[in-house]
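Before any questions on binding or motion, here is one chain by itself as structure tokens, the form predicted alone.
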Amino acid sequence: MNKTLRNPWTYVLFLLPLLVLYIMFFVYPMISAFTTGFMKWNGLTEPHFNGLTNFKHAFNDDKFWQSVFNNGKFILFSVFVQVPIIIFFSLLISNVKKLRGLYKTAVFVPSVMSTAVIGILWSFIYEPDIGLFNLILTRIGLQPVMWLSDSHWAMFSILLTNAWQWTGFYIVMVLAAILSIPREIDEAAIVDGASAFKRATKITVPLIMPVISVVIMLSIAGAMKAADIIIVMTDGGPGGITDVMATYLIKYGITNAKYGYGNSIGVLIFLFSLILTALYQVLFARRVERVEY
């Protein structure tokens, strides 16, 4: 057995199936998307090289830039609204003495639910006549809101739904980091007379910054590939006001059989994601030092 484990071909044998699948479902499609992104192709006939025409078309399309702007909204909402909420609730749950497991399970449940189910559920909550939010508004004397069909509220409604789905997943990550901090550090701060607020802001949050950095990185990546929740709830409406780059790709590339143009949008999504993650790593993530207790 030991002789077998010393043989490097043993590890190659175990890694080979995974490597084959990785090449088939990631490397090859990515290379194919890059090549066909420079072609005019409807998926059936022979593709024809057309240079940068597809990319010029995208950059000159106002609806494409609207989708890019909506991806930016996803990122800003995730980083500046969702992440502080995640930290706040993680700190609250970490100080609970009883039923902590119940709270962790309760906040985590939405992240394991199907996006289609969540989209339908929240569509009922946003329903103009019998939806929960409008019932509350009418009870306090306010006018009901057309949450998903009003251009002023549709994007916010989707952002809120998406945050509700994934906040619990990140809370569990941050909570695990908080609970891994040695109890002696917090006890020493209590002895020194530090309040709960100071212990949270001066000790706990700085110590878990590496995990928070990972949460921010995952939030940015999730914002760049958001599509399913939009398709279920608004399908990009009203009038394309809630389209993101992924739904724009589906609507103007795949649905209209413009696969060359669709692949060019996929390439742009990849490049934008790469640039954002690289900028975040260089400007912020590298400044976060790894903490050892």
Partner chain sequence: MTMTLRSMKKTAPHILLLGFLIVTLYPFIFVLFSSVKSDNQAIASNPFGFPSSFHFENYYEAWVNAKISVYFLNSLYISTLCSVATIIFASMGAFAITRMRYLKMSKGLYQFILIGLLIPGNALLLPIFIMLNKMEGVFGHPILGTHMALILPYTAGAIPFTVIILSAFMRSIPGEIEEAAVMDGLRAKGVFWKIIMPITVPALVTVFIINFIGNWNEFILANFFISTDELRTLPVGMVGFRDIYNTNYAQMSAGIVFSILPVMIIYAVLQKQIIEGLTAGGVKG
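Take the two forms, superpose them, and find the largest set of C-alpha atoms that agree within 1.5 Å; that set is the rigid core. These figures come from a predicted structure and were not determined experimentally. Numbering follows the first chain given and starts at 1.
Only in words, not in the display: the form predicted together with the partner chain, which the text now covers.
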Next on the checklist: Within 4.5 Å, heavy atoms only: does A33 come near the partner chain in the model of the complex?
Outcome noted: yes
Checklist entry - Does any heavy atom of V191 come within 4.5 Å of a heavy atom of the partner chain in the model of the complex? => result no
Checklist entry - Should I254 be counted as a contact of the partner chain in the model of the complex, where contact means heavy atoms within 4.5 Å? => result yes
Checklist entry - With the cut-off set at 4.5 Å between non-hydrogen atoms, does L175 touch the partner chain in the model of the complex? => result no
Checklist entry - F38, F49 and M209: each with a heavy atom within 4.5 Å of the partner chain in the model of the complex? => result no
Checklist entry - Which pick from V205, L135, M146, V81 sits with a heavy atom within 4.5 Å of the partner chain in the model of the complex? => result L135
Checklist entry - Looking at T201, S151, S123, S213, which has any heavy atom no more than 4.5 Å from the partner chain in the model of the complex? => result S123
Checklist entry - Mind listing which residues of 165-190 have a heavy atom within 4.5 Å of the partner chain in the model of the complex? => result T167, F169, I171, V172, M173
Next on the checklist: Checking T45 here: with the core superposed, does its CA move 2 Å or more between this form and the one not shown?
Outcome noted: yes
Next on the checklist: Checking I275 here: with the core superposed, does its CA move 2 Å or more between this form and the one not shown?
Outcome noted: no
